[in-house]
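Coming up is one lone chain in structure tokens, specifically the form predicted alone.
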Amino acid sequence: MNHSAQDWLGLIRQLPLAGRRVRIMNVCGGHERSITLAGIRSALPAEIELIPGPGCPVCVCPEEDIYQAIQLALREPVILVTYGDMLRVPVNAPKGEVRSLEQARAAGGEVRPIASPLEAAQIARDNPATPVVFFAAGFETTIAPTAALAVQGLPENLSLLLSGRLTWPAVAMLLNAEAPGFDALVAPGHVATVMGPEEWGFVVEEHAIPAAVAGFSPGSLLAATYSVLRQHLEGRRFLDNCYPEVVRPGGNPDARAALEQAMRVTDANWRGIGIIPQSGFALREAYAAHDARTLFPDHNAADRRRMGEMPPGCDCARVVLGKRYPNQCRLFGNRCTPRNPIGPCMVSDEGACRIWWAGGMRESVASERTGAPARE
């Protein structure tokens, strides 16, 4: 059905909600950006609550991994490369010490932002006498090309400091809680493109919660919203694919084969949240010669490990889990701004705090959601 965004909005407004509050979580930071910048939240009926979820890899990258990358850049004779939005994520270091990769570069570390794993490989080939460390943080969509690069063959001087995560285990953790906090789920189209939409079937099959895979246009997002609302109202539960032009059953076989060959799935720490079982990627033993954790000293001394803590006063972890809106953090718009981010959610373009700021929300409401009860 080839509807426009306006068509889908009209269909949503015709649904018999009549005071029936429906909470819909979107997993992806890209979804939240489209929702906020297109004004979708304010255009929907008041009964519909759209909740940002755990779809920001920069936000959940463990503090100790970022600290390790900083120390490698400062203490080891390496070129440290990483995606640009990782450069400004702060760690919990005392005032006056280097607190980000951006500051490490200013202090003399060889830190370079890149946009793809191919750039990391090219930098390694251009500097054959220098060890190059690729600090690779991300979800399935960015770890898959890293895995493909490893399968094709890494330059001898290129190693990976891997901090990859899978998206679905975080949602599974929320759904396994006593009070999940949402009634329907909009699943990320880019992840489903790689891994297949079937990965999200557990939401419907195990928890009887409506779910739909969506792309990033307002039309696709509103189509998914309409689908899960109808499912909720009619008591039907199924996984709908509202991004069929890209998402295919089984996902991308080449990407999945590369992930299977180069990576193993392991328990992993999420910043501010803790260990989520079977939620992280690690290099397989066959690629140990390119594992930066093996090749370089661990500069995370036991007495400074923060084990995923957010900075004091920062509510990023609650925002990531859908338990707080960004403007409910008391630091939001006060001490924490894009120019001076305290927590990672204000750094990345996929962080809900940064997205809300870009969308014009600049003030904290201190504790409670406007027009809705607190999520905790």
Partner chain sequence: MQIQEIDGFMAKCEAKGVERDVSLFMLQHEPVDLGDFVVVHVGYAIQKITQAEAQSAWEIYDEMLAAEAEMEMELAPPDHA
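Model, not experiment: these values are computed from the prediction. Residue numbers count along the first chain shown, from 1.
Note that the form predicted together with the partner chain isn't included here; everything after this is about it.
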Among 277 to 285, 253 to 261, 95 to 103, 178 to 186, the region lying within 4.5 Å of the partner chain in the model of the complex by heavy atom distance: 253 to 261
The partner chain in the model of the complex reached by all of P117, Q152 and A358, non-hydrogen atom within 4.5 Å: yes
Residue among L233, V246, A107, A301 with a heavy atom within 4.5 Å of the partner chain in the model of the complex: V246
Partner-contacting position among T294, T266, S217, T130 - heavy atom within 4.5 Å of the partner chain in the model of the complex: S217
A46 within 4.5 Å of the partner chain in the model of the complex, heavy atoms: no
Distance check, T141 to the partner chain in the model of the complex, heavy atom within 4.5 Å: yes
P145, heavy atom within 4.5 angstroms of the partner chain in the model of the complex: yes
Partner proximity in the model of the complex: R165 to the partner chain, non-hydrogen atom cutoff 4.5 Å: no
Residues of 10 to 36 having any heavy atom within 4.5 Å of the partner chain in the model of the complex, listed in sequence order: R33, S34
